[in-house]
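Shown below, as structure tokens, is a lone chain in the form predicted alone; questions about how it binds or moves come after it.
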Amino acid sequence: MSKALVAYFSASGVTAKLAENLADAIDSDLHEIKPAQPYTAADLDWTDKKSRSSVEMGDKSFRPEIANRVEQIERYDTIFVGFPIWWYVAPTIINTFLEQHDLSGKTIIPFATSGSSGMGNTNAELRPSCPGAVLEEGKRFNANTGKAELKQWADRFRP
């Protein structure tokens, strides 16, 4: 049976809880995508056009550095990638994560948390970062989504 990985970036802890629940529900490994420079509350102030997150999201070529990589990514056939929605898409650190691994032949499934935004243009912006992989349509979840619902959703992508 193929092994799945749940990799996630969480700026405030909301996505972390969802990712932990998903990994537990489907019995997969869990990997936190950690920025080399952690985000502060000021960095995440989306109302400040000069905040770090605003600057990063304003320049789609920007790739925040990641402090850790997935060791032996070849062990995984299916990778669920979780993140908060920023400006109607995945934060650019997700592009960094995808681009630093050879994902050829793998299935990538995005999942996200958001107060109200949907997935927006997430797949269109992630697709160039995972050449050779199958990028499935992702889904936004409420932070308190239960394990049974997460498992039912995730099982659609697993053999």
Ligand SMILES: Cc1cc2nc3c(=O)[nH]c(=O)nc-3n(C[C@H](O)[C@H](O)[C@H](O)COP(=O)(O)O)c2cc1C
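Bear in mind that the values here come from a model prediction, so they are computed numbers and not experimental data. Counting begins at 1, following the sequence as shown.
Just so you know, the form predicted in complex with the ligand exists too; it's not on screen, but the next bit is about it.
Contact with the ligand in the predicted bound form holds for all three of Ala11, Val14 and Trp87, each having a heavy atom within 4.5 Å. Contact with the ligand in the predicted bound form, judged by any heavy atom within 4.5 Å, is made by just one of Leu30, Ile66, Leu44, Met119: Leu44. Interface residue among Thr107, Thr92, Ser129, Thr113, judged by heavy atoms within 4.5 Å of the ligand in the predicted bound form: Thr113. The stretch in contact with the ligand in the predicted bound form, judged by heavy atoms within 4.5 Å, is 44-52, chosen from 93-101, 130-138, 44-52, 58-66.
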